Ligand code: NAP
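Only one chain is shown below, in structure tokens, and it's the form predicted on its own.
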Amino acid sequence: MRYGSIINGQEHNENIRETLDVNSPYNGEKVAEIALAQNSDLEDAVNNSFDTFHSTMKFMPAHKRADILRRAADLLEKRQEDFAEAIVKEAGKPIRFSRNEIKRSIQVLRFASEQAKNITGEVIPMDAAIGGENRMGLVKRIPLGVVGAITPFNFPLNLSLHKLAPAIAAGNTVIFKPAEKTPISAYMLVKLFQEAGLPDGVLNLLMGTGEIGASLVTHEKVHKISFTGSLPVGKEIMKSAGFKKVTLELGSNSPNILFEDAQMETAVTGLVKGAFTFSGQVCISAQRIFVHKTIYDQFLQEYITKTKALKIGDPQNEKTDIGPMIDEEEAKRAKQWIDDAVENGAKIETGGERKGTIISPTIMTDVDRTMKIIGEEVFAPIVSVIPFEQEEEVIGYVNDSKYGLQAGVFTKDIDRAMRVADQLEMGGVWINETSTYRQDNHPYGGVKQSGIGKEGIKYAVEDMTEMKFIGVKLDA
């Protein structure tokens, strides 16, 4: 099936358009093709979104926005399996994890529905200033206008809804540019919103490559860009966005620290899942595991054993734990990083093999900070296990990174846990939980080069509105 852009409710899917094949990451079979958006489509989408905001969305009451989001959640709940199967086809995500993504996506829509009715401002005490008597100050939160949402392949539904749902809840219109590798779920989502009663022009879909995304970033009628993706692209967006508001969810090399009193079974089980879910193609995937030397050997042995038990294969199979990476180029890149580390003294404890698009779950030791598998975002099923002795030592090692998205700390000592959490240069720290854990209602976003701004529905709504002050002189 060919998937094209959807602008003002109408599909742009003509045969004359340039197309791009979408292939299964697992077996390479063609599963779809997309009709690539042209510059004229971009102009149509932006102008339509701009006009629809001023004619429709700007005046839509909160309860109507909430109802649309609730209906969308109800429809998605009824069609969970259809969406899960689409994600398996286009992204190669194992079916169990695809289903979990749908469940989280339903939750995101429901959080957004609730938040749409709870966008509040504040009253400013004007008499706090000399001469402010008999005056009232109000602050309202108002929508920005047109939001550009540029989304990645790894959570094609959930991460898209982390942009679309709060934008709609806040009263904006949205231009949605999904990853070209995962267009099926994006198309299905836009059609679902139409069925839920979202007016035409509130959510416009642009199918295309990064080129059309770059044009979206620079367009003067777009008021905000929300992007999840790589650090290099994020840097380009920052350079070219101009006066727009920008939210960037970028890379990470997420650390997890196990002190000597860590609950071993909890840590081992959690970090197997945290490192290897969706072949490590997760922004907060556990990449660096720091283990106190007194428990290092025990942890490593148990970690290797549980990792070797993971089932590799067809993502359609209910028992599959590890499927393909998104394409063979990414798999080759990951394998090269493994080989480079070995050439420089690292040791493969298990895994390290590539078969087509599949990289076997890989645990590495004897690593150092100069290696890409430590310093860069590996975005593959590769994890390094590193011993440490002192608290100050491991904090310094963790913070010696350009990234700072999310970390995990395992200890029964609450004083130490809070002390370490305060010192880690991270946007988020989980205690006795892996770095890979995320709920859809907490503030999520990094520091340093891991990004700018926060997601999590309430916090995304704040980023997708602006404060407007209204002052009243009461004795006029």
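No experiment lies behind these values; they were computed from the predicted model shown. In case it trips you up, residue 1 is the first one in the sequence shown, and so on.
From this point on, the text means the form predicted in complex with the ligand, which you will not see here.
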Checklist entry - Which listed residue (Gly274, Pro255, Pro381, Gly213) meets the criterion of a heavy atom within 4.5 Å of the ligand in the predicted complex? => result Gly213
Checklist entry - Which one of Val217, Ile374, Ile102, Ala73 is close to the ligand in the predicted complex, taking close to mean a heavy atom within 4.5 Å? => result Val217
Checklist entry - Counting only heavy atoms and a 4.5 Å cutoff, which of 388 to 396, 304 to 312, 131 to 139, 222 to 230 contacts the ligand in the predicted complex? => result 222 to 230
Item to check | in the predicted complex, Gln194 touching the ligand (heavy atom, 4.5 Å) | outcome: no
Next on the checklist: So in the predicted complex, is the ligand close enough to Cys283 to count as touching (4.5 Å, heavy atoms)?
Outcome noted: yes
Next on the checklist: So, Asn204 and the ligand: in the predicted complex, are they within 4.5 Å at any heavy atom pair?
Outcome noted: no
Checklist entry - Does any heavy atom of Gln107 come within 4.5 Å of a heavy atom of the ligand in the predicted complex? => result no
Next on the checklist: For a quick test of understanding: in the predicted complex, does each of Asn13, Met57 and Pro199 have a heavy atom within 4.5 Å of the ligand?
Outcome noted: no
Checklist entry - So which bits of 190 to 211 sit within 4.5 Å of the ligand in the predicted complex, heavy atoms only? => result Gly208, Thr209, Gly210
